[in-house]
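There is one chain below, alone, in structure tokens, taken in the form predicted on its own.
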Amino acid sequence: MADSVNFTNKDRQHKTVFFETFGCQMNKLDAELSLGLLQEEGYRIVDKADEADVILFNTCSVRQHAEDKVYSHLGALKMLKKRHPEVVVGVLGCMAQKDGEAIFKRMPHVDLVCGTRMFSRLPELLLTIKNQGSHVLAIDEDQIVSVKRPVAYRPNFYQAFVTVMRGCDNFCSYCIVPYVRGGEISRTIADVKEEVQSLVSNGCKEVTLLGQNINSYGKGLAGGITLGHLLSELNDLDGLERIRFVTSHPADMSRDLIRTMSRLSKVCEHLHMPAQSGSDRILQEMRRGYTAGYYRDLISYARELIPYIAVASDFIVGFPGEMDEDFQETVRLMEDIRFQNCFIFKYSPRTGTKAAELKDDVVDEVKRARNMKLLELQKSISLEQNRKMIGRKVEVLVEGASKSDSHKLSGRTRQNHIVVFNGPAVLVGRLVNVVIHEVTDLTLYGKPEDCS
């Protein structure tokens, strides 16, 4: 980041903000909501930190690498802050919630530390810094997040993330989320419907419902409300074309929900359900609450009712005590299920979790080798699965220009495949049938059936 730009706040006609997000889709939505709030307060978004009056990092604490990256970015701002002390530097999200005051001690040039349940007060907190000075700490653990969404601000006009619940009550042994995001709190169906209806009225065609543990949506709501009830209500909204939801915890995934998915026309045939390991012994140490056999049975049932469903997963390699035979069980699970795609991570201890009390006894070299083996295995499975799509016609919601080739269009199938094809810009935002003629492990390429 450059530190030689000459500016003062009074030289600017508008306040400017640079915002960088790390981590999950929930973080991305929090960033979207935060920027919407700031825009309403007159802030203009810029894409370079050295052009901003306010520099904010929305952080993740799930893995050490994500935290190290944020601290590296903060360190790079030290000289910029020295030259321009009026610039506000803030840390938001999970790392802010976890580390709190310690961030100021490690990075004294940081002005704001704002936790996961306080971002709705961001404009107010920035005003406090302007009026009273730096080192504002806001990590109220009892704060209920409630943000009236400016629906017009979203990265993709035709798609939107919608938070339907926050927090997690599972306390998997390796996971920091319950400590930084708090316990599970569900929004009412009426509240979610109102937001989705506003988005649809503003041109949105597809919504993805978000929750750290979305399968337990409804906990705390009266009347035995479940995620299935919410999906059924949203399925009836005129103008909404597609509904997705993430992330599903296998221990809380019910067969009733799978049956509901199978009968609702707008719910996409895609399930992201992290397995984390194929070893029952490791799953028990992880406190996941299910066995590999239970996971296999769930997927088998889903495929029986929803033949074209695509399943994605997450895996952790190198968990404390993971032996070669445990790892081979994970390999077998991947080979048996044939996932569409997987996110694979090397285990890193998170202070405060139960797993952090265990000896991190799998050496990094072994973690890297296991990580690479699973990545290569998944790549071969994805390519094999995608080759079966050649010659098939798929429905694509066209999102815009392809990131890899701006002269082509890109979109996603109901099963969340990325599809790239030639076509006129008028197709953006429309559902288009595309015949697939070429594939890689990550992308399908095709020709639209009808461009009229």
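Position 1 is the first residue in the sequence shown; the rest follow in order. This is a predicted model, so every value here is computed, not measured.
Omitted here: the form predicted together with a small molecule. The next part is about that form.
- Heavy atoms within 4.5 Å of the small molecule in the predicted bound form are found in one stretch of 127-135, 186-194, 312-320, 108-116, which is 312-320.
- Contact here is defined as any heavy atom lying within 4.5 Å of the small molecule in the predicted bound form, and by that definition not a single one of L29, Q159 and V207 is a contact residue.
- Taking non-hydrogen atoms only, N215 never approaches the small molecule to within 4.5 angstroms in the predicted bound form.
- V62 belongs to the set of residues with a heavy atom inside 4.5 Å of the small molecule in the predicted bound form.
- Contact between F245 and the small molecule in the predicted bound form is not found at the 4.5 Å heavy atom cutoff.
- Contact annotation for P274: at least one heavy atom lies within 4.5 Å of the small molecule in the predicted bound form.
- This chain lacks the partner; the member of F104, Y71, F345, Y294 within 4.5 angstroms of the small molecule in the predicted bound form by a non-hydrogen atom is F345.
- Checking C268, C175, L77, I299 against the small molecule in the predicted bound form, a heavy atom within 4.5 Å turns up for just one residue: C175.
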